[in-house]
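What follows is a single chain, given as structure tokens, in the form predicted alone.
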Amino acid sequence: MSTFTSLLQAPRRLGRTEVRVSALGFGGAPLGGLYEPLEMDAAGRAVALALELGIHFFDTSPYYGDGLSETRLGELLAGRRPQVVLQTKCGRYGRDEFDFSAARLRASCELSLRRLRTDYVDVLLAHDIEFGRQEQILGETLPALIRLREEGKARAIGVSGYPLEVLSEVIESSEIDVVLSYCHFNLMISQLDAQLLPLARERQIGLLNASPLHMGVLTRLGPPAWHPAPPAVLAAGQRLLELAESRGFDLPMLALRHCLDHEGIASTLVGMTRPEQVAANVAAAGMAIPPEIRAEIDAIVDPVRNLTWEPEDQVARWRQG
């Protein structure tokens, strides 16, 4: 039995909820055409292969392509709703468009359900909450999500965001079920363990991890020009790529395998639109990282480990109310 097969045979429980997710999640952002033109036939085959191989957790958001990701995912999953765990979001609708009001969240949820062709989602998250205000998120947004959960529109609710400080404050101040963090646990970053994991375990909150490739740093193409990481981090990513290729490994596969090893994370989300991407991710999940390769990776990463781009001004605005 492969490592990945054993993971699929025992899906991970999402915190204290009854929702159980595959360790590898199907990220739906690319379905919105955010990164490259989408071929629906290939996307359909990717979804079918993912389900065949046991990847049953699908993530999307109205932000991804102005609802296009949700619409396409609803089409691709038509007739398969009992087989899947669906997660979508609310509150963020464009690059600079945010509305965390109770009325907009309810309307957003209803629209998402129509797009996804379902009468409920398994997980509903307030999307990128650091762009809101603490007072509104705690006093209006989360109570609205709780009501939607009580009405059966969502089985579990939670938040997503980047600053761990903000996510921690929400866990301590509300009755959420799930937190989605990105770029805080991968080959280069382990801050999730120290700053969020203990609190999440204490409160029985399900943890989801995104950006296992550090928003492109751990890929052959490298990071996009807008990437906010310090230059030393970007340079270390290039050295990791050279190391992996010199040893006959694919860097994204090493990075994904590293994330899937974390038992405290219920699922790691990876964007997929083609069957070959699904197959590669499954292969990564079934591989092992040799100790000698791990040691060489650590030697490159250690000088820049946990070097992030904490948006202090964003956290300050969050608290201003």
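What you see is a predicted model, and the numbers here were worked out from it, not measured in a lab. Residues carry their position along the shown sequence, with the first being 1.
One more form of this protein, predicted together with ligand NAD, exists but is not displayed; see below.
Peer 1: Examine D177 and determine whether its closest non-hydrogen atom to ligand NAD in the model of the complex is within 4.5 angstroms.
Peer 2: Judged by the heavy-atom cut-off of 4.5 Å, D177 is well away from ligand NAD in the model of the complex.
Peer 1: Flag H184 as yes or no: does it have a non-hydrogen atom within 4.5 angstroms of any non-hydrogen atom of ligand NAD in the model of the complex?
Peer 2: No, H184 is distant from the partner.
Peer 1: So in the model of the complex, does R72 come within 4.5 Å of ligand NAD, heavy atom to heavy atom?
Peer 2: Heavy-atom contact with ligand NAD at 4.5 Å: absent for R72.
Peer 1: Quick one: does G33 come within 4.5 Å of ligand NAD in the model of the complex, counting heavy atoms only?
Peer 2: Close contact is absent here: in the model of the complex, G33 is far from ligand NAD, nothing within 4.5 Å, heavy atoms only.
Peer 1: Taking ligand NAD in the model of the complex, would G27, P252 and V270 all count as contacting it (heavy atom within 4.5 Å)?
Peer 2: Contact check passed for all of G27, P252 and V270.
Peer 1: Can you tell me which of 257 to 265, 43 to 51, 276 to 284, 291 to 299 lies within 4.5 Å of ligand NAD in the model of the complex, counting heavy atoms only?
Peer 2: Heavy atoms within 4.5 Å of ligand NAD in the model of the complex occur in 276 to 284.
Peer 1: Could you spot which one of P212, G206, G132, G237 gets a heavy atom to within 4.5 Å of ligand NAD in the model of the complex?
Peer 2: None of the other options qualify; the answer is P212.
Peer 1: Relative to ligand NAD in the model of the complex, which residues of 105 to 134 have a heavy atom no more than 4.5 Å away?
Peer 2: Read in sequence order, the residues that approach ligand NAD (within 4.5 Å, in the model of the complex) are H127, D128.
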